[in-house]
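Only one chain is included here, represented as structure tokens and corresponding to the form predicted alone.
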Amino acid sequence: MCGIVGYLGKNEKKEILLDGLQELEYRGYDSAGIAVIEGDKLNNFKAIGKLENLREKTKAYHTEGFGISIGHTRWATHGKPTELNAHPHLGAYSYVVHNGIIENYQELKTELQADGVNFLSQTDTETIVHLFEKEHKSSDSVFAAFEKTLSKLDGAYATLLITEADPDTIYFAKHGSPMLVGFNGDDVYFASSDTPIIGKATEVYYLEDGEYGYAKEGVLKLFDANGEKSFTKQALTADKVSAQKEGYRFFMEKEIYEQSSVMGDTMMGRVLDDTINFEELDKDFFENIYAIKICACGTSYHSALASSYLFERIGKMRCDVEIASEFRYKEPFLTEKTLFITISQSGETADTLEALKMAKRAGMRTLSICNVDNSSIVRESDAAILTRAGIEKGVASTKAFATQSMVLWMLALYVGQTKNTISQELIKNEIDAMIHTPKALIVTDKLHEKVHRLSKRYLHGHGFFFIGRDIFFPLALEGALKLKEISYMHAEGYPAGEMKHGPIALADSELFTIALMPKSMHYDKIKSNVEELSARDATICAISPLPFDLADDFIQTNYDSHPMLEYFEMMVVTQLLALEISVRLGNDVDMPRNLAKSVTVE
């Protein structure tokens, strides 16, 4: 998740920008940059990797007197993490930083290139600054050019723009991506969250979608679709950790809510109108590949298990899934005609990395699915697909699992598309479902309140069964793992059809069953399994779009047209349930006992 800072005033601008970006490190980034205009002097610096690299580049640079400045930390979406792709992006005489997605950037880029504009980066952001300078040529003022630019952008964005054409002004806009303005006397600050300006600004205004304007020394003008508007400042909190959580009680809670927005980043540039596109993969990447073997641990293993159904059903490709910590000891049969996929949130998971090295030694083609570019697993693999989830501070994974599941779904469709084993109609149906996925991930107040209320029933007892069929079996495993990790209560995930093969012996009123009952897949069969548990007095929490009379608790879902939409919506419910049970038990949700975010030892 990218971060923005901006400052207009007389204080030392470089340090304000770098300190502000440091406070945004929790959002995750792989490159950073700043741009400053003082009088007629424009300076900019960029660096890949950690902020220390940018500090080193700027150690001999100092500012003095009034000036305007912007800074950015970037998490790669369009294009790799390079200095050219880092923000701020430069036009002929202007700089821009931007968070979000410009959905029509390809169309805008094509038009600008036809006008002779040369692009330096692979990003969508660079279109903003070139479009602005094009509009400036035919506009009465810089502000008019900025307004025209905004009117041509589709998508979500928070952006700051500075230009030598108006060297004492910062132009800003917000639509679908967070940004705020801080004030301290004549000094004006911009940021994508509170933390960079705490201790610097005394008051703040949180921009609403559709608001834009400009700031000069001691003046801020605000506009929306109806013209200029007034605004009311409020006191700024002094609690930085609370500010990082952006109003949520826990980072895990914040990350559950973020899943809807980060899914757009995961799909961006990959899910097109009628095809799946992975720029990371050569066109012949799947040539002479006839099977897939996936190796992963924990949550990543569950996303892999779910994908094995999709690779075989959609991609028509055999797919085996291995737990990385066991894979190394079974003397596995490895062939060059099998693609070896590793999945890791951090890219440093020790068991998975060792399994990858075994595959490399066997001459297998390798692919990693990861959230961290330049990590060990990514560097070791022949190719890598980044999940683009942004940094995840909660130890119990949520949005990393969601984005892994989406990448694997896209990859299954990509395999079928590449191998010509699926129809165009199926591709269209799958893409339509993918496009609707961010909506299925939205956490409504009604849903969260429902889960909060019923969670009090589940604080005691001798354990949980999470049950499902098909792709909902791995989701049941993941739901049980989430609950175990943060509540410390015993939970198991099971294929629903396995109940009669032993586990049903445990059924009584103190056994809680979380039943994943999708309408679009095997509903009648799992309904029968749940009825058997209910007949033995098990407490049933049914998650389904269809009401279930025997349920003690019922959480109704909205999506029932495609199994994956139901999968993602039910995933959110199980995450919230684990969260709310754990909160009621008084546990530290973000830092559960005995666990670490990245397992770097075997």
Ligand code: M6R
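On a predicted model such as this, the values are computed, not experimentally measured, just so you know. Position 1 is the first residue in the sequence shown; the rest follow in order.
Keep in mind the form predicted together with the named molecule is missing from the figure; the text below concerns it.
**Q** Considering the named molecule in the model of the complex, find the one stretch among 479 to 487, 412 to 420, 220 to 228, 457 to 465 with heavy atoms no farther than 4.5 Å from it.
**A** Contact criterion met by 479 to 487 only.
**Q** Should Ser368 be counted as a contact of the named molecule in the model of the complex, where contact means heavy atoms within 4.5 Å?
**A** No, Ser368 sits far enough from the named molecule in the model of the complex that none of its heavy atoms falls within 4.5 Å.
**Q** Even though the named molecule is not shown here, does Ala215 get within 4.5 Å of it in the model of the complex, heavy atoms only?
**A** Contact check for Ala215: no, nothing within 4.5 Å of the named molecule in the model of the complex.
**Q** Applying a 4.5 Å heavy atom distance criterion, does Ser344 contact the named molecule in the model of the complex?
**A** Looking in the model of the complex, residue contacts with the named molecule include Ser344, since a heavy atom lies within 4.5 Å.
**Q** Does Val395 make contact with the named molecule in the model of the complex, using a 4.5 Å heavy atom cut-off?
**A** Answer yes; at least one heavy atom of Val395 falls within 4.5 Å of the named molecule in the model of the complex.
**Q** Would Ser544, Met570 and Thr574 all count as contacting the named molecule in the model of the complex, using a 4.5 Å heavy atom cut-off?
**A** No, none of the three is in contact.
**Q** Between the options Ser300, Thr387, Thr195, Ser308, which residue brings a heavy atom to within 4.5 Å of the named molecule in the model of the complex?
**A** Checked against the cut-off, the match is Ser300.
**Q** Counting any non-hydrogen atom inside 4.5 Å, which residue from Thr349, Gln259, Thr73, Ser94 sits next to the named molecule in the model of the complex?
**A** Residue within 4.5 Å of the partner: Thr349.
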